[in-house]
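One chain comes next, on its own, written out as structure tokens in the form predicted on its own.
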Amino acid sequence: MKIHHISTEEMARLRQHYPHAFGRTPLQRLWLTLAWLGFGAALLFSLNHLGVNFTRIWNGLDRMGVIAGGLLPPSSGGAFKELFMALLESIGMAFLGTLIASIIAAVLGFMGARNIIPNWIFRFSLRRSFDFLRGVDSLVWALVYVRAVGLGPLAGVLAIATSDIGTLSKLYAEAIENAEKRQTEGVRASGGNRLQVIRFGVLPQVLPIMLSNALYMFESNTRSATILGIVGAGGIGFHLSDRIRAHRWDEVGFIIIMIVVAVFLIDLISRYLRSRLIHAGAGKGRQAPSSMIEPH
């Protein structure tokens, strides 16, 4: 049996092309060990600092059992109409807040896109403002606006809009930057000015994505709006927190069922519309760009 000896150069080449076949290097093993130690230290610190222990969890299961038993059978407490109107109020908060955010974010998204505004200083400053707006949770914004404009749905609408402006602006800017260049170049070659390039070259590509993201945010904001009422922003969340404080668990169960059903229906409709918009966007992307503007 003939044994083939591998030269040092060939071994180095094999290590370069197939590094996983030779196992980890000592340096890689050291970094992996340090990573696991860091993970373990972070886990132990979190469990200890936050007071998480199985004894407290086990003792809390009895109380959770009592609460869960109180949720059944659910009851409206004779206030179905009031609760239903409050639920519509929460949905309205989510809709109006998302609509305001989508309109403002559409403008800011174009201003924050690299292929629209080449000035990196302006774009960097704008992008960081997006990070600030979306970095603060809508619940915190609700507390701020409740203090500023008073109790009621207006604070919830402003809180949702403020948080969503940062998120949607970032998503819109990234979608605009990833728009296909051939379509914009086709509009420009047909004699289109800068505004026409944006209108006929970029917008048809990104509009379905923008609408799809807005629908997803509306779906998410419907859930958020129920929580904002707890801090005084109106809607079904106010009634939910009121029943919890009064230990009226059967009514709490009824409100939870109402919220779940509403979120499920909105999710179903939103998913259908987003699917249609995505397919519509794919069809528009295949159209010839020169047909989008009239010849001079």
Partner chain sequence: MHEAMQQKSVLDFEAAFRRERLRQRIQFLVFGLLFALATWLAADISQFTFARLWEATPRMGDYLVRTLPELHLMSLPGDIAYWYYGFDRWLKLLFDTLLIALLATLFGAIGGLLLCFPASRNLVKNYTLYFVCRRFAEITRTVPEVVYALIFVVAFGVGPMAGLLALTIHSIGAQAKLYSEANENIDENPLEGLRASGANWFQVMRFGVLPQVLPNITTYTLWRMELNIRSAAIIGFVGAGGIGQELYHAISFNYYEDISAIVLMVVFTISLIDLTSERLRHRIIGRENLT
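Positions refer to the first chain, counted from 1. As the structure is a prediction and not an experimental result, all values here were calculated from the model.
A second form of this protein, the form predicted together with its partner chain, is not displayed here; the remarks below concern that form.
Peer 1: Is its partner chain in the predicted complex near all of 119, 198 and 274, within 4.5 Å of a heavy atom of each?
Peer 2: Heavy-atom distance to its partner chain in the predicted complex: none of the three under 4.5 Å.
Peer 1: Just give me the single entry in 35, 27, 268, 61 that has a non-hydrogen atom within 4.5 angstroms of its partner chain in the predicted complex.
Peer 2: It is 61 that has a heavy atom within 4.5 Å of the partner.
Peer 1: Find the only residue in 135, 191, 77, 74 having a heavy atom within 4.5 Å of its partner chain in the predicted complex.
Peer 2: For this set of options, the contacting one is 135.
Peer 1: Heavy atoms, 4.5 Å, its partner chain in the predicted complex: which of 135 to 143, 179 to 187, 198 to 206, 110 to 118 makes the cut? Say which one.
Peer 2: It is 135 to 143 that comes within 4.5 Å of the partner.
Peer 1: Heavy atom to heavy atom, is residue 93 within 4.5 Å of its partner chain in the predicted complex?
Peer 2: Yes.
Peer 1: Hey, in the predicted complex, is residue 83 touching its partner chain, heavy atoms inside 4.5 Å?
Peer 2: Looking in the predicted complex, residue contacts with its partner chain do not include residue 83, since no heavy atom lies within 4.5 Å.
Peer 1: Find out whether any non-hydrogen atom of residue 41 is located within 4.5 angstroms of its partner chain in the predicted complex, and reply yes or no.
Peer 2: No, residue 41 stays farther than 4.5 Å from its partner chain in the predicted complex.
Peer 1: Could you tell me if residue 51 has a non-hydrogen atom within 4.5 Å of its partner chain in the predicted complex?
Peer 2: Yes - in the predicted complex, heavy atoms of residue 51 and its partner chain come within 4.5 Å of each other.
Peer 1: Taking its partner chain as it sits in the predicted complex, which residues of 32 to 48 have a non-hydrogen atom within 4.5 Å of it? Please list them.
Peer 2: Stretch hits, in order: 39, 43, 45, 46, 47.
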